[in-house]
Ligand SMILES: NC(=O)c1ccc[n+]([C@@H]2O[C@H](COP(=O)([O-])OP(=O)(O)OC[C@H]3O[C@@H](n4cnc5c(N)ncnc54)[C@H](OP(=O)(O)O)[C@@H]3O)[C@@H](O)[C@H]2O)c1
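So this first bit is one chain, no partners, the form predicted on its own, shown in structure tokens.
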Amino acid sequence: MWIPACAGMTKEKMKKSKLGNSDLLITKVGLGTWAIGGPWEFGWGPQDDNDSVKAILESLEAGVNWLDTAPIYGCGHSEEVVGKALKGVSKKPLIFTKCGLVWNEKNERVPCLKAKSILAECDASLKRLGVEVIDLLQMHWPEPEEDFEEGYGAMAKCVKAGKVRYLGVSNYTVEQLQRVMKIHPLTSLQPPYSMFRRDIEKELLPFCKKNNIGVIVYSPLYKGLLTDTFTKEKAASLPADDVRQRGADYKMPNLEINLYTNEKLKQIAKRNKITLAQLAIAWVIRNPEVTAAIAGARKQGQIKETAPAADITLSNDDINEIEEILKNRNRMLK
């Protein structure tokens, strides 16, 4: 069973949580803008900017009060689209972006954590986003590893300069978290987490809880696989430049196992009168160590569906049944 909140949900009703050691109260679901960056080395194929703007504005109407982006998404394009969408918005959402990945003339991803590069990235993001301050600046990847402390130190300078409010990191290990925490207070970690990827549960989540580090998880829908609309036909029709083409879970034989698992999960969703996407997000944020989850959207209707998951509470019976389904998936994949 779940607490009904989808129908007639208002901005005031959406649950919020304090993000780590900050004063930011964020909704349990935020908007992710990876896909709206359009084509690039790790893109999701072609994207219509008008659809992107509509999706961003719809997220605000749904009550979402923060969005997550990055310069590398579309090589600056995602941030530009976000800036365009928010230009006429009087009450802007909290803006979370990243740094540490730049690109060359071929629009190829280039990790760079040198201080000079990080400082330049911050200024470029402010300009593209059209804001005076970034609420949360996150190091995208700790690569190259020998430079991530230098890069984090440069991020701390952005805070001291008044250009950034809080710092976070993404895709870090516990040992790496411990190293940067000595340089400047760490507000959040952004790791991948979903029903189909649970490796953060063992060490990272307990560490973050102990050290008051907020956890914003990405890919709770496993790049769209954990949705009602993902099928064999959908997988076969993915553009050649869609990042999912590189993942084994989106191809046979893993795909067949995943879709079989989806059918079992859909039975729980149907019983609760919710969608599979809502079930997947509700499952992620059921964990008290998770502050919030990022839900991506490429067009109208998508975030309107997933945002209500912020107010869904799954029963213990539901959670236990999901656990058995996921254990069976793991057995089949071996």
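Sequential numbering from 1, following the sequence displayed. Since this is a predicted model, take the numbers as computed values, not measurements.
The discussion below concerns the form predicted in complex with the ligand, not included here.
Trainee: Is every one of 222, 244 and 298 in contact with the ligand in the predicted complex, taking contact as a heavy atom within 4.5 Å?
Mentor: Per the other structure, all of 222, 244 and 298 touch the ligand.
Trainee: Tell me the stretch among 112-120, 133-141, 152-160, 260-268 that has any heavy atom within 4.5 angstroms of the ligand in the predicted complex.
Mentor: Contact-bearing stretch, as computed: 133-141.
Trainee: I'd like to check something about residue 227: if you look in the predicted complex, is any of its heavy atoms closer than or equal to 4.5 Å to a heavy atom of the ligand?
Mentor: Although the ligand is absent here, residue 227 would touch it in the predicted complex, with heavy atoms inside 4.5 Å.
Trainee: Is residue 234 one of the residues lying within 4.5 Å of the ligand in the predicted complex, judged by heavy atom distances?
Mentor: Contact check for residue 234: yes, within 4.5 Å of the ligand in the predicted complex.
Trainee: Just checking whether residue 283 would be counted as a contact of the ligand in the predicted complex - the rule being heavy atoms within 4.5 angstroms.
Mentor: Contact with the ligand, no.
Trainee: Do residue 305 and the ligand come within 4.5 Å of each other in the predicted complex, heavy atoms counted?
Mentor: Because a heavy atom of residue 305 falls inside 4.5 Å of the ligand in the predicted complex, the answer is yes.
Trainee: So which of 294, 56, 290, 62 reaches within 4.5 angstroms of the ligand in the predicted complex, heavy atom to heavy atom?
Mentor: For this set of options, the contacting one is 294.
Trainee: Taking the ligand as it sits in the predicted complex, which residues of 186-217 have a non-hydrogen atom within 4.5 Å of it? Please list them.
Mentor: Going through 186-217 in order - heavy atoms within 4.5 Å of the ligand in the predicted complex - there is one hit, 190.
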